[in-house]
Structures are given as structure tokens and as C-alpha cells.
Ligand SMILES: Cc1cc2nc3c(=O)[nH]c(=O)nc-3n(C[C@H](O)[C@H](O)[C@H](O)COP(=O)(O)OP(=O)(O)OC[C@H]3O[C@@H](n4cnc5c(N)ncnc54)[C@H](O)[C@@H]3O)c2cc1C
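Next comes just one chain, in C-alpha cells: the form predicted alone.
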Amino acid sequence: MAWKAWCGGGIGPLHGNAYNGDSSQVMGLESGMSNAVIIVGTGLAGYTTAREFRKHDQRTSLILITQDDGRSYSKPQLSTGYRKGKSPDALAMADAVTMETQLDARIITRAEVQAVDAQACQVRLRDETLDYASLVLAVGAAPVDLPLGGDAAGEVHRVNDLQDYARFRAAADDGQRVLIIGGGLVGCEFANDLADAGKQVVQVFPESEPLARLAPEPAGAALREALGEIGVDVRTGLTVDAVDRAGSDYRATLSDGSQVTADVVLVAAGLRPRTQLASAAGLTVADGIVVDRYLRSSDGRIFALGDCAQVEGHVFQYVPPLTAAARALGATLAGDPTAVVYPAMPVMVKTSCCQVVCWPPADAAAGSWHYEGEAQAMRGEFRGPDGQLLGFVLTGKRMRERMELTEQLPTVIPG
């Protein structure tokens, strides 16, 4: 990896030093320049990195920038909080002022980063320019936009943060019928959550079974059956072509010509890493912001993690990889270069009607699936030609076998 010229002084990727391309070597920097660590984003990735950094360094200036109000919350709870009666305020664990105190940091809320000047080591806001020694991009991912037609296509909901959740919850409170577009993890969790809350839920997606990108077909079929048992009308192999207003209702037209009438429409069709800021700054971008095992981008003073990052070729939009990355990056920012280690981290689908945990094999992996049990007591193993376990899925009563199987999986990014 080619490193750009260092700018400023202070910690850089190492506290008081800078990399010359070899993590085991450091060189001095000019004094008198900013030594601030700036983190863009106050979601789980941003705040977790800040906490990890403060475990090692209590002195260096720390600044966090966010487009929202800076409240700390756990994003996975957004798709399971409705039936529990969790308001947005109830899901928030701390406001920005409290987080400033906890982190001994400055938190700039409701601010959009206009540009990152990698040569000058500056972050430009509308009303302020900030110098950094190290910059962390924890900007997350944006909901995938579907090509919806209709005069109400702009009124559908997408829940990707606490503000989105507040708007969706207010709309769902005023209606009984909910249309969910999407059959992935989040779509299924919302379908389960809202059905348990007594809503009439129709779920539409183009795949043949739920969780098609995550779990093998038999597990998806088990979940589809369980969702049906709690009242979810699951319609597979279909897309939603248009959403129109029909008086006070919404009328969705599906690809087979049928229609669904709903009080609120929720799109949960996946996420796409936010890479625009990094790309404009000249960083290497592919499926996400390209970073190495130290979470370093193609510019040695800029790091990325979480939903926006592509770590050694991997884009994992789940909590355990994010936590592992934040732990490593916190140490690196404080002067102890620490490579992230990714063990196998099975994904838990929080659908109470039929819990699913899965670790899918790599796309190009050679091997085959073998199953025992069925429906809500299924165990599936994907093994290579040599018998090596490369993936698994468990449903319902077999969930307790997760650790046994996880320990047999190869490490994704070894130490």
C-alpha cells in the first residue's frame, strides 16, 4: 500500500508518530500541529471506537461529528422494539451532552461534512474547518433505493436510525395494516415484531424464501412457515412496482398485478456502504471503503470501520465484526498498532417465532449442505470435500448447538 505525505503532527495512526508503511516502525512528526482524532459518525461504530480509544488515551483531543442529534443507541433494537412499546427516547441510552462527558470529547451534532481534504488533513463543515491527525470514517450504510413507481413512492418508510424509527413508529401507531418490502434479516425481524404487536402484516420479496442471501433455503422455508403461523402474509417471488395513494390508504401494485392496501409501507431491502465522502477525498473504494487489517484506508491517516468499510475484502454489516474492529482501532489510534482479527461470527436473526443463527459459506466455497431435523429444530452443515465445516445454520430448538459449530469454523481474518 502506498502512503501519502504526512500532514501535521500529533498522533497520526500512532500516538505522537506516523507510519512509514511498516506498522513496526515509526518516525517523528513536526510539533505544533493538531493532534486531534476526529470520528465522523456517532452510531455504534463511531461511539464504540471512541470508547475503545479512551481506554488507552485520556489526553488527546477527540471530536465526533454527526448529522443527527448524537444520541447513543443500539441499532439492532430498532427492528425489535415496537412490540415492546419502546419509544425512540426509551431506546436512546444517552444524549450527546452525556456522551461528551463520558468520552471527554467534543461532539458536533446536526452537522454535515462537506469534504475531507486528505492533503491538508482537514474536515470541512459548512461553518467550520477542523484539523486532524487521524480521521475515522464511521459513516455507516444507506438503505438501498428500490425503483418504486406511483405517486406515493416518496412516502414509504426506511428505518436506518433513531429518527427514522420515530417517524415509522408514529405512522404505525396510527394504522393497523403494514406492508413490508424485503425478505432479509431486518425485514423478517420487523415482520415478526409488528405481527406480535397485533398489526396485520404483508411481507413481499422477490426471492423464493426469506433470508435468501444469508441462510440456505430449508432454513428460510422454516422461517416463512413460522411467520405465517403468527399471521404474516408472506408473498414470495414478487416485487412491488408502485405505491399510490388511495384516499387515506396506500395501494401497492405487485409484479403479478395484484394489489395490497396498507396504512404504512416499510422498505427493508438491504443497505449499501456510504462511500461518497471517501471517494471524493481520493480514497480507494470498492464495495465499501477499502481498508487493511489495521483499518487504514489508502491514505494512512484515514481509517474506516463498520457498515461503510471493506476490511481485507470483507463487508460485514453486523455488530460482532464492528466491535472487533473498534477494539483494534482504538488501540491503533492510541499508538499501539493492532490488526483486527475476525473469527467466524455467526449471524443471529432475532425472530422469536423461529430463531435462526447462520454462518454462510463463502460464495466460491466447494462443498455441500447436509441437514438433520426440520422446521424449528433444524441443523444444517456445509462441509468442504475434506470434511472441513465451512458454514452452518440452526433453527429454533437447535440454537444451543451454536458454540459447538462455531468453534469448528475457520477464522476469517486470522491474527
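Residues carry their position along the shown sequence, with the first being 1. Treat the numbers as computed from the prediction; the structure is a model and nothing was measured.
The form predicted together with the ligand is left out here; the points below concern that form.
S.K.: Look up in the predicted bound form whether P210 has a non-hydrogen atom within 4.5 angstroms of the ligand, and give yes or no.
M.R.: No, P210 is distant from the partner.
S.K.: How about T42 - does it come within 4.5 Å of the ligand in the predicted bound form, if we only consider non-hydrogen atoms?
M.R.: Within the cut-off, so yes.
S.K.: Even though the ligand is not shown here, does H56 get within 4.5 Å of it in the predicted bound form, heavy atoms only?
M.R.: Output for H56 is no: heavy atoms all beyond 4.5 Å of the ligand.
S.K.: When the contact criterion is heavy atoms within 4.5 Å, does R51 count as touching the ligand in the predicted bound form?
M.R.: R51 lies outside the contact set for the ligand.
S.K.: Where does the ligand sit in the predicted bound form: which of 84-92, 225-233, 202-210, 187-195, heavy atoms within 4.5 Å?
M.R.: Result for this chain: 187-195.
S.K.: So the ligand isn't shown here. In the predicted bound form, which residue out of V139, L179, L135, V240 has a non-hydrogen atom within 4.5 Å of it?
M.R.: Of V139, L179, L135, V240, the residue with a heavy atom within 4.5 Å of the ligand in the predicted bound form is V139.
S.K.: Among S298, T338, Q122, N160, which has at least one heavy atom within 4.5 Å of the ligand in the predicted bound form?
M.R.: Partner contact (heavy atom, 4.5 Å) among the options: N160.
S.K.: May I ask whether L146, R245 and R251 each come within 4.5 Å of the ligand in the predicted bound form, counting any non-hydrogen atom?
M.R.: No, none of L146, R245 and R251 comes within 4.5 Å of the ligand in the predicted bound form.
S.K.: In sequence order, which positions of 43-67 have a non-hydrogen atom within 4.5 Å of the ligand in the predicted bound form?
M.R.: Read in sequence order, the residues that approach the ligand (within 4.5 Å, in the predicted bound form) are G43, L44, A45, G46, I65, T66, Q67.
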